[in-house]
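Presented as structure tokens, the chain that follows is alone, the form predicted on its own.
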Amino acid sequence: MKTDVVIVGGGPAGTASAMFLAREGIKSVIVEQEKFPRYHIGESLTGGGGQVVRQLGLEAEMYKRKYPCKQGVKVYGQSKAGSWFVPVTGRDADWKLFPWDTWQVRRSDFDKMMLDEAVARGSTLIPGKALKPILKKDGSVGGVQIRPMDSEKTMEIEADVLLDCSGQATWLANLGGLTGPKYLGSYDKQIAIFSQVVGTIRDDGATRDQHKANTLILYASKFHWAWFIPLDEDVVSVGIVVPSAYFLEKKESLRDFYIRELHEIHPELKRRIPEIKLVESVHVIPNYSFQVKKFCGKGFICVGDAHRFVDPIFSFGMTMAMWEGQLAAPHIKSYLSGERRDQPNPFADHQLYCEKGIDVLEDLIDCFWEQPLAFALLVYTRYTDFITDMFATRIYDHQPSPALDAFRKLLNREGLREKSYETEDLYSVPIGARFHPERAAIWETNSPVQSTEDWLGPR
């Protein structure tokens, strides 16, 4: 079987990539091993995520499905002075801010909608498991070997470009050989415990910062926080993120720990959930950061979480996955036309562009964790518009902004990013709160991290 592009993963990264490629007249095949609809966490779209959905022509469908319309993010700190609100905004052609909205989504429904739409627009879906990339004589990628669902036989899909859209499974990086090694950061010391609840108290929607569908973040202490994301008129996704050591110290069952934390982690969350009524089981996942070196090369690109994940606190993950799918499409088109085929990394410009954008988010998040009071002050009084841009994932143009410069100054990172961009590898060197000097050797080894258990242990 032959196609222009083969995509491993049928989540938002893969389906957005497929739809943007279709706009360029490029055929794609999506390989997905799970049957949709399937459960998935990560239900909130930033303003930038809403923009990508609109650019895909799906705005009317989103309203038709009655996904909750999110007006912004409200962060409740330890005091009123440490609490703040960031509205969802857009920028017009003159770069002037205007009020906008985006959506909260139930991923089982949203992801299936995206997959169905990608197929309707010409992409071919093959249920199955991706096994390994196919390599040509010159070392470039020429497709993928898969095992179709309900079959013991393998098949090969020939393609000029392979997109790894496998999310945090980081399929290519874990196979080793094509990408550089995978660095795991300091957030592997946290876990996220979550479920869905009903009977909550929401705001009345009278103003944008009181809209009943807004994301709420409740900050207890460093790396100890909760999320509150409305999924429909009744159900709210609520997650508790804590250091794993804290969870182990309590010696409680997962459910007992979660229920107790709902009323102890923050008084505002207790007020909003006066009676705890769960509508599904309690889940747990490791909360970690990672970064894959050299995530682009001859005939392949890793998209979204398949190459880098920073921190889920402000819901950037799904937005970044779809954005990168859009950004990759024109580079793939030029590659298919024969441009840069002789270069060691034909997608080097795309790789560096993506790294610079995610670095903006990483510096924003690190400043929030390391300097929470200063961060709140900057949001409120000095750089509100610039910080609003970051929360909306407007992170590629008009950067570095004065707000980003201020964050980097607070983090003692002035000049460090620029130096990393000058390296021949064109990737962002891990710095700051996530960098473990004792783990630096992983960047130099030829043996990639095979799974999160390499650092976390069995779970």
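Here the structure is a predicted model, which means the values were calculated and not measured. Don't overthink the numbering: it's just position in the shown sequence, from 1.
Form predicted together with a small molecule: not shown, discussed below.
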query	finding
Contact check for A13, Q33 and G317 against the small molecule in the predicted bound form, heavy atom at 4.5 Å	yes
Listed residue (M114, V303, V161, A173) with a non-hydrogen atom within 4.5 angstroms of the small molecule in the predicted bound form	V303
The unique member of H40, R65, R54, K27 whose heavy atoms fall within 4.5 Å of the small molecule in the predicted bound form	H40
Any non-hydrogen atom of G199 within 4.5 angstroms of the small molecule in the predicted bound form	no
4.5 Å heavy atom contact, K129 to the small molecule in the predicted bound form	yes
In the predicted bound form, W227 touching the small molecule (heavy atom, 4.5 Å)	yes
4.5 Å heavy atom contact, Y380 to the small molecule in the predicted bound form	no
Contact segment among 163-171, 117-125, 202-210, 84-92, judged by heavy atoms lying within 4.5 Å of the small molecule in the predicted bound form	163-171
